Ligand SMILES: Cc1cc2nc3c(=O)[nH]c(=O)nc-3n(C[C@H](O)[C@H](O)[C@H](O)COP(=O)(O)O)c2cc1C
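Given next, in C-alpha coordinates, is a single chain: the form predicted alone.
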Amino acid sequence: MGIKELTKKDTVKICIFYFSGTGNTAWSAHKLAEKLNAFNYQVKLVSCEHEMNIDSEINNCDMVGLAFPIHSSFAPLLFREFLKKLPECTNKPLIALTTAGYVAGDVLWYTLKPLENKGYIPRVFSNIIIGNNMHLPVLSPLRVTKPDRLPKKLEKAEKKIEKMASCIKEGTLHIEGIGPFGRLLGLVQRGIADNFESFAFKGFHSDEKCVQCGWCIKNCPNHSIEEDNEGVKFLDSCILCMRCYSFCPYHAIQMTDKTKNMRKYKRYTGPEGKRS
(Lines give C-alpha, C1' and ligand atoms only; values in the text may rest on other atoms or scores of the structure.)
Protein backbone atom coordinates (compact mmCIF):
# COMPACT_ATOMS: atom_id res chain seq x y z
CA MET A 1 0.00 0.00 0.00
CA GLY A 2 1.41 3.40 -0.98
CA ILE A 3 1.57 6.40 1.32
CA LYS A 4 -1.22 8.23 -0.56
CA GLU A 5 -3.53 5.27 -0.12
CA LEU A 6 -2.71 5.20 3.59
CA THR A 7 -4.01 8.75 4.01
CA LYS A 8 -7.47 7.48 3.09
CA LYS A 9 -7.58 4.97 5.94
CA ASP A 10 -9.50 5.81 9.09
CA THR A 11 -6.54 4.84 11.28
CA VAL A 12 -2.94 4.75 10.11
CA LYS A 13 -0.54 2.96 12.44
CA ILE A 14 3.09 4.07 12.52
CA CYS A 15 5.82 2.41 14.55
CA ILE A 16 8.93 4.56 15.08
CA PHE A 17 12.03 2.71 16.22
CA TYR A 18 14.73 4.96 17.65
CA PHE A 19 18.07 5.13 19.41
CA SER A 20 19.16 8.15 21.41
CA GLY A 21 22.47 8.57 23.22
CA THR A 22 22.10 11.94 24.96
CA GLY A 23 18.49 12.80 24.16
CA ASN A 24 18.42 14.69 20.85
CA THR A 25 16.89 11.83 18.89
CA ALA A 26 14.46 10.86 21.64
CA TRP A 27 13.24 14.47 21.76
CA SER A 28 12.86 14.57 17.98
CA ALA A 29 11.07 11.22 17.76
CA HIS A 30 8.59 12.27 20.47
CA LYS A 31 7.96 15.59 18.71
CA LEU A 32 7.29 13.79 15.43
CA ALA A 33 4.91 11.40 17.16
CA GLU A 34 3.13 14.33 18.80
CA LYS A 35 2.57 16.08 15.47
CA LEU A 36 1.49 12.91 13.67
CA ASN A 37 -0.96 12.09 16.47
CA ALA A 38 -2.47 15.52 15.89
CA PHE A 39 -3.19 14.36 12.33
CA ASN A 40 -5.04 11.35 13.79
CA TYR A 41 -2.24 8.89 13.10
CA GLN A 42 -1.71 6.18 15.70
CA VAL A 43 2.00 6.36 16.56
CA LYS A 44 3.99 3.95 18.69
CA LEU A 45 7.54 4.80 19.80
CA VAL A 46 9.93 1.92 20.47
CA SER A 47 13.50 2.29 21.74
CA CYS A 48 15.76 -0.25 20.04
CA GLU A 49 17.42 -0.76 23.44
CA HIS A 50 14.31 -2.55 24.71
CA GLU A 51 13.35 -6.15 24.14
CA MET A 52 10.66 -6.51 21.48
CA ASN A 53 9.12 -8.77 18.90
CA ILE A 54 10.31 -6.87 15.81
CA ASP A 55 8.34 -9.01 13.35
CA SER A 56 5.13 -8.41 15.25
CA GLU A 57 5.75 -4.65 15.51
CA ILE A 58 6.38 -4.41 11.75
CA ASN A 59 3.38 -6.55 10.82
CA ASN A 60 1.05 -4.50 13.02
CA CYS A 61 1.90 -1.11 11.52
CA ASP A 62 1.15 0.54 8.18
CA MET A 63 4.31 2.63 8.10
CA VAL A 64 7.75 2.23 9.66
CA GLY A 65 9.73 5.09 11.18
CA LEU A 66 13.42 5.09 12.08
CA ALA A 67 15.34 7.69 14.09
CA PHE A 68 18.98 7.81 15.14
CA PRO A 69 21.86 10.26 15.72
CA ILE A 70 24.66 10.68 13.21
CA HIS A 71 28.06 9.20 14.12
CA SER A 72 30.60 10.49 11.55
CA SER A 73 28.12 9.97 8.67
CA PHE A 74 27.25 6.50 9.95
CA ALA A 75 24.36 5.31 12.06
CA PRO A 76 25.50 4.23 15.56
CA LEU A 77 26.75 0.65 15.55
CA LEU A 78 23.98 -0.45 17.91
CA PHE A 79 21.34 0.87 15.49
CA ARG A 80 23.05 -0.69 12.47
CA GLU A 81 22.83 -4.03 14.21
CA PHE A 82 19.15 -3.39 14.92
CA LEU A 83 18.46 -2.65 11.24
CA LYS A 84 19.81 -6.07 10.28
CA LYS A 85 16.99 -7.63 12.31
CA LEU A 86 14.18 -5.88 10.42
CA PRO A 87 12.09 -8.51 8.62
CA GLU A 88 11.21 -8.51 4.94
CA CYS A 89 7.91 -6.91 4.03
CA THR A 90 5.98 -5.76 0.97
CA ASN A 91 6.04 -2.08 -0.04
CA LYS A 92 6.05 -0.76 3.52
CA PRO A 93 6.43 3.07 3.51
CA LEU A 94 9.54 4.18 5.40
CA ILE A 95 10.05 7.52 7.16
CA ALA A 96 13.22 8.48 9.00
CA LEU A 97 15.09 11.25 10.77
CA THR A 98 18.63 11.70 11.95
CA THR A 99 19.88 14.25 14.48
CA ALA A 100 23.18 16.11 14.30
CA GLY A 101 25.04 18.98 15.88
CA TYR A 102 25.96 20.80 12.69
CA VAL A 103 25.36 18.95 9.39
CA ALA A 104 24.10 15.45 8.59
CA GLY A 105 24.86 14.86 4.90
CA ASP A 106 23.57 11.69 3.26
CA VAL A 107 23.60 9.43 6.33
CA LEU A 108 19.90 8.52 6.09
CA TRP A 109 20.09 7.57 2.44
CA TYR A 110 23.40 5.74 2.86
CA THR A 111 22.19 3.79 5.91
CA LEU A 112 18.64 2.97 4.88
CA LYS A 113 18.81 2.47 1.11
CA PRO A 114 19.65 -1.26 1.57
CA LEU A 115 16.25 -1.70 3.26
CA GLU A 116 14.61 -1.31 -0.15
CA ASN A 117 15.78 -4.87 -0.84
CA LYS A 118 13.66 -5.95 2.13
CA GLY A 119 10.55 -4.19 0.83
CA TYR A 120 10.75 -0.84 2.66
CA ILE A 121 10.02 2.17 0.45
CA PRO A 122 11.74 5.47 1.39
CA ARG A 123 9.22 8.32 1.56
CA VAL A 124 10.26 11.09 3.96
CA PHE A 125 13.83 11.45 5.27
CA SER A 126 14.75 14.55 7.32
CA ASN A 127 17.97 15.80 8.90
CA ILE A 128 17.31 17.54 12.24
CA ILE A 129 20.05 19.82 13.53
CA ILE A 130 19.93 20.29 17.30
CA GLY A 131 23.15 20.35 19.31
CA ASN A 132 26.70 19.03 19.46
CA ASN A 133 27.09 16.56 22.33
CA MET A 134 30.78 15.72 21.97
CA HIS A 135 33.87 17.70 22.93
CA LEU A 136 36.88 15.47 23.54
CA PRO A 137 40.65 15.95 23.19
CA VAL A 138 41.85 15.42 19.57
CA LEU A 139 38.79 13.37 18.61
CA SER A 140 36.26 16.20 18.68
CA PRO A 141 37.61 19.75 19.07
CA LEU A 142 34.26 21.57 18.69
CA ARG A 143 32.54 22.73 21.89
CA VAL A 144 29.25 21.21 22.99
CA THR A 145 26.16 23.34 22.45
CA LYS A 146 25.56 25.61 25.42
CA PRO A 147 22.26 25.27 27.30
CA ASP A 148 21.29 28.88 26.60
CA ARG A 149 21.56 28.26 22.84
CA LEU A 150 19.40 25.14 22.86
CA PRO A 151 15.93 26.77 23.05
CA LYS A 152 16.42 28.57 19.73
CA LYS A 153 17.84 25.44 18.12
CA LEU A 154 14.95 23.36 19.42
CA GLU A 155 12.48 25.88 18.02
CA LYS A 156 14.03 25.55 14.56
CA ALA A 157 14.16 21.77 14.90
CA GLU A 158 10.48 21.61 15.83
CA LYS A 159 9.56 23.58 12.72
CA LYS A 160 11.58 21.12 10.65
CA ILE A 161 9.79 18.20 12.31
CA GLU A 162 6.44 19.88 11.67
CA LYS A 163 7.35 20.08 7.97
CA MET A 164 8.29 16.41 8.05
CA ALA A 165 4.93 15.49 9.56
CA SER A 166 3.13 17.54 6.88
CA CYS A 167 5.03 15.72 4.12
CA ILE A 168 3.97 12.40 5.63
CA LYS A 169 0.33 13.49 5.85
CA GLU A 170 0.29 14.83 2.29
CA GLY A 171 2.05 11.79 0.85
CA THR A 172 4.91 13.93 -0.47
CA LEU A 173 8.22 12.31 -1.39
CA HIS A 174 10.90 14.21 0.55
CA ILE A 175 14.46 12.85 0.85
CA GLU A 176 17.16 15.10 2.33
CA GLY A 177 20.91 14.80 2.02
CA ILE A 178 21.19 13.21 -1.42
CA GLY A 179 22.38 16.33 -3.27
CA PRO A 180 26.05 16.79 -4.26
CA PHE A 181 27.05 18.48 -0.98
CA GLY A 182 25.37 15.84 1.17
CA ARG A 183 26.96 12.99 -0.78
CA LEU A 184 30.41 14.60 -0.67
CA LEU A 185 30.17 15.27 3.06
CA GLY A 186 29.17 11.68 3.72
CA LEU A 187 31.98 10.25 1.59
CA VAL A 188 34.62 12.41 3.27
CA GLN A 189 33.46 11.71 6.81
CA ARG A 190 33.06 7.96 6.30
CA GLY A 191 36.41 7.84 4.55
CA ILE A 192 38.30 9.05 7.61
CA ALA A 193 36.02 8.14 10.52
CA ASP A 194 37.05 4.59 11.38
CA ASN A 195 40.81 5.08 11.24
CA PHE A 196 40.68 8.47 12.93
CA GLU A 197 38.45 7.31 15.78
CA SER A 198 40.69 4.32 16.51
CA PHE A 199 43.68 6.67 16.61
CA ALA A 200 42.13 9.56 18.54
CA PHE A 201 39.74 7.87 21.00
CA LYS A 202 41.68 6.88 24.13
CA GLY A 203 38.77 5.23 25.91
CA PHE A 204 36.85 6.33 28.99
CA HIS A 205 37.82 5.75 32.59
CA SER A 206 36.41 6.73 35.98
CA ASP A 207 38.37 9.05 38.24
CA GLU A 208 38.52 9.55 42.01
CA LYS A 209 35.04 11.15 42.04
CA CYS A 210 33.43 7.81 41.16
CA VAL A 211 31.30 6.45 44.03
CA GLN A 212 30.33 3.25 42.18
CA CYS A 213 26.67 4.25 42.10
CA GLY A 214 26.10 2.02 39.07
CA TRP A 215 24.35 4.67 36.95
CA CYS A 216 26.71 4.22 34.00
CA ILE A 217 26.46 0.43 34.10
CA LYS A 218 22.66 0.51 34.19
CA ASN A 219 22.34 3.08 31.41
CA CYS A 220 25.02 2.03 28.92
CA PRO A 221 23.07 1.07 25.77
CA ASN A 222 25.72 -1.38 24.58
CA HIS A 223 26.49 -2.97 27.98
CA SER A 224 30.07 -1.78 27.66
CA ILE A 225 30.61 -0.92 31.33
CA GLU A 226 31.16 -3.43 34.11
CA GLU A 227 31.95 -3.27 37.81
CA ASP A 228 35.26 -4.64 39.03
CA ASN A 229 37.37 -4.53 42.20
CA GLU A 230 38.72 -1.09 41.34
CA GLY A 231 35.38 0.51 40.46
CA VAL A 232 34.04 0.40 36.93
CA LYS A 233 35.62 -1.04 33.83
CA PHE A 234 35.01 0.33 30.32
CA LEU A 235 35.08 -2.28 27.56
CA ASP A 236 36.23 -1.94 23.97
CA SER A 237 32.64 -2.20 22.70
CA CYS A 238 31.94 1.48 23.49
CA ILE A 239 29.98 3.14 20.67
CA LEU A 240 30.72 6.72 21.75
CA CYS A 241 27.07 7.58 22.40
CA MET A 242 28.32 10.02 25.09
CA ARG A 243 25.57 9.10 27.57
CA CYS A 244 27.76 8.08 30.49
CA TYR A 245 30.29 10.87 29.93
CA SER A 246 27.58 13.52 29.68
CA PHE A 247 25.23 12.39 32.43
CA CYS A 248 27.34 10.72 35.12
CA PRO A 249 25.84 12.23 38.33
CA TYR A 250 29.34 12.92 39.69
CA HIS A 251 31.08 13.88 36.41
CA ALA A 252 33.51 11.08 37.20
CA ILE A 253 33.98 9.74 33.67
CA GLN A 254 36.95 11.04 31.72
CA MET A 255 38.80 10.54 28.46
CA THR A 256 42.38 11.24 29.59
CA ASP A 257 43.01 13.60 32.47
CA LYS A 258 42.45 16.59 30.20
CA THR A 259 38.67 16.26 30.45
CA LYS A 260 38.85 16.84 34.20
CA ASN A 261 39.01 20.49 33.21
CA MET A 262 35.26 20.93 33.01
CA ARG A 263 35.50 24.62 32.22
CA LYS A 264 37.04 23.63 28.92
CA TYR A 265 35.43 20.22 28.36
CA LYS A 266 31.84 20.90 29.34
CA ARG A 267 29.28 18.08 29.30
CA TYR A 268 26.24 18.22 27.06
CA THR A 269 23.06 18.75 29.08
CA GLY A 270 20.64 17.30 26.51
CA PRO A 271 17.59 19.00 25.00
CA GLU A 272 15.78 21.05 27.61
CA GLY A 273 18.34 19.86 30.17
CA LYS A 274 16.93 16.33 30.19
CA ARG A 275 18.60 12.95 29.95
CA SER A 276 17.64 10.59 27.10
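Computed from a prediction, not measured in an experiment: that's the story for all the values here. Heads up: residue numbers just count along the shown sequence, starting at 1.
Below: the form predicted in complex with the ligand, not depicted.
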property	result
Of 95, 108, 130, 164, the one that lies within 4.5 Å of the ligand in the predicted bound form (heavy atoms)	130
Selected contact from 121, 134, 83, 175, since only one has a non-hydrogen atom within 4.5 angstroms of the ligand in the predicted bound form	134
Contact flag, residue 126 vs the ligand in the predicted bound form, heavy atom cut 4.5 Å	no
Contact flag, residue 184 vs the ligand in the predicted bound form, heavy atom cut 4.5 Å	no
Contact test in the predicted bound form: residue 206 vs the ligand, heavy atoms, 4.5 Å	no
Proximity of residue 100 to the ligand in the predicted bound form, heavy atoms at 4.5 Å	yes
Partner-facing stretch of 165 to 173, 85 to 93, 68 to 76, 109 to 117, counted where any non-hydrogen atom is within 4.5 angstroms of the ligand in the predicted bound form	68 to 76
Residues within stretch 242 to 262 having a non-hydrogen atom within 4.5 Å of the ligand in the predicted bound form	242
